[in-house]
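Coming up is one lone chain in structure tokens, specifically the form predicted alone.
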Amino acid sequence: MQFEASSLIPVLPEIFILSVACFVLVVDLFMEDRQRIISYFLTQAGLLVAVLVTLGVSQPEAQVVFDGSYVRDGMSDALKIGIYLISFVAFLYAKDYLRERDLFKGEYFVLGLFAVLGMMVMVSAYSFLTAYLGLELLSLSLYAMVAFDRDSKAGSEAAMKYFVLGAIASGMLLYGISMIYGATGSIEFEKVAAALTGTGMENKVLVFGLVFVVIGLAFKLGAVPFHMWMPDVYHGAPVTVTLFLGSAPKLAAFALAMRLLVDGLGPLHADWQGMLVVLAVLSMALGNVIAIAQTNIKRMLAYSTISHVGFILLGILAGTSEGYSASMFYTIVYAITSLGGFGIVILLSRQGFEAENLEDYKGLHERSPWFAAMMMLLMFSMAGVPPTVGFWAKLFVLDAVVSVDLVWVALVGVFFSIIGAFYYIRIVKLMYFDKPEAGELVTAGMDTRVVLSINGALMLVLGLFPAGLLALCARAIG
């Protein structure tokens, strides 16, 4: 392998983010606590410049470098930019929360940047080994972020559960990859796909390899029945970490599913489609039903995430370009919606008080009419209520499933979406029809208020004009 300039240009975004993370890590060593804001600004500036770097290396045709281990194409460019921007907003929401709890440390942003780097590697992986390395870099960063508040027993417990179950999932994925390598003689997606075109599922080793890869992928996505880590991790982690965990990594998880299943195991679509149907139906069913019983909003949104993962899998299992673009559209919309939902939780939290229980949202309309309206738009979008963008996200996915004659799966999705609307609308009812239990006014920095307002308004704007984002997804998948 020769490291020439032509092969390094496509990976400039990864090199840049790695350089920013190392620079912030070193600079932070020489700062006092009152100067930590510099680490924050360096991180945010790095993410914004990374957008320009990614646009600068973007080209119409795909580029495969490093002996088929890395690919830069339309999907990777679009998802990377989405990861930068969502991470930027996640760090912005976290700033005041971390300051109030004496957690405003440079290590938080360094871990966040390494997590972003892991997501970027996952998005551009073009071999099983590269995908695994990116996944582990992301996972190790998130384990540390979940346990970032060292005084929190719940956070430490959540991090331990996440680590143990994540290690099991990684082992299964790696075991599946080794079997696929044994059956095909390669770990590069292009060569694996070419080898599978002729053999199909005749090789029993390949059958087991596919099953273990799908199981490992389902663990990382949080699909039922491999979802057990998600509610506990969302609940135990600091809300700023839950916000980050529930937004940007979903884009990377979608990319990982596309790279592994479509690029690498595409010829076996008929075989892994049935597995994804089971995972999707179980996720939509269990996620929506159990969310109804939750009184903690972080656990409720965790089960909500499980149900949304089911919808994301529906688009992928369709096996068509329309299904892939609909799934990508759904993932981006959900990441933005989740960002806003947890942003409202951060907004209402204050020193010594976490707005985690549903009762904390009673009478929010009287305390802050504007942010009650933003929360209403976010909840309506998650429920799929028109004219919010969540309605179009669900509609596009269901249309892709119907187009491949899986009408019964689409009907199951509609049925559980109706059930799921209950717990979203319940929050709207608490905000507008119940009396507040506390009279504190909502206080937050101007930057948080402005960005959170834009975040909520996007649910309506994208709902009224969804064609632009859908066209971007279709072009990226193209």
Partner chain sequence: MEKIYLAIAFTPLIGAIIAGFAGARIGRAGAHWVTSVGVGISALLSIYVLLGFISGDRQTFNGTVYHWMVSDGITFEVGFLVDTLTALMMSVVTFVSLCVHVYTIGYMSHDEENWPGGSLAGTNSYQRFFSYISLFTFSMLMLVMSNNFLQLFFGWEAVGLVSYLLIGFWSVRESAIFANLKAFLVNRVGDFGFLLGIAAVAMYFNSISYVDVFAKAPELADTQIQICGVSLSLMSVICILLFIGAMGKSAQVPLHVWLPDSMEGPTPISALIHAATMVTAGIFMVARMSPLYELSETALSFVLIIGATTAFFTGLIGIVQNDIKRVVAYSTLSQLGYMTVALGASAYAAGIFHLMTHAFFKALLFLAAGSVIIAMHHDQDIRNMGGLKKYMPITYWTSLIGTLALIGFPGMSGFFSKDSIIEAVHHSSIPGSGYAYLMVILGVFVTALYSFRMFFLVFHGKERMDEHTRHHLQESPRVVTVPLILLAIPSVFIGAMTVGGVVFGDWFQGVIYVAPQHDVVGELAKGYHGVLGFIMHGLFGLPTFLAAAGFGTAYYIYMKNPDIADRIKGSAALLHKLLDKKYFFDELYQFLFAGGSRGLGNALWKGGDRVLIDGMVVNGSARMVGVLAAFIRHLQTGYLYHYAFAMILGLLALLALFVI
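Since we're looking at a predicted model, the values are computed, not measured. Positions refer to the first chain, counted from 1.
Below, we turn to the form predicted together with its partner chain, even though it does not appear here.
- In the model of the complex, Y181 stays away from its partner chain, with no heavy atom inside 4.5 Å.
- Using a 4.5 Å cutoff between non-hydrogen atoms, G118 does not count as a contact of its partner chain in the model of the complex.
- Among heavy atoms of A169, some come within 4.5 Å of its partner chain in the model of the complex.
- Although the partner is absent from this view, Q294 contacts its partner chain in the model of the complex, with a non-hydrogen atom inside 4.5 angstroms.
- Comparing 73-81, 283-291, 312-320, 239-247 against its partner chain in the model of the complex, the single stretch with non-hydrogen atoms within 4.5 angstroms of it is 283-291.
- The listed set P225, P369, P386, G185 contains one residue whose heavy atoms approach its partner chain in the model of the complex to within 4.5 Å, identified as P225.
- Contact annotation: of the candidates A373, V278, V402, A154, the single residue with a non-hydrogen atom within 4.5 angstroms of its partner chain in the model of the complex is V278.
- For the stretch 206-228, the set of residues having any non-hydrogen atom within 4.5 angstroms of its partner chain in the model of the complex comprises V207, F208, V211, F212, I215, F219, P225, F226, H227, M228, in sequence order.
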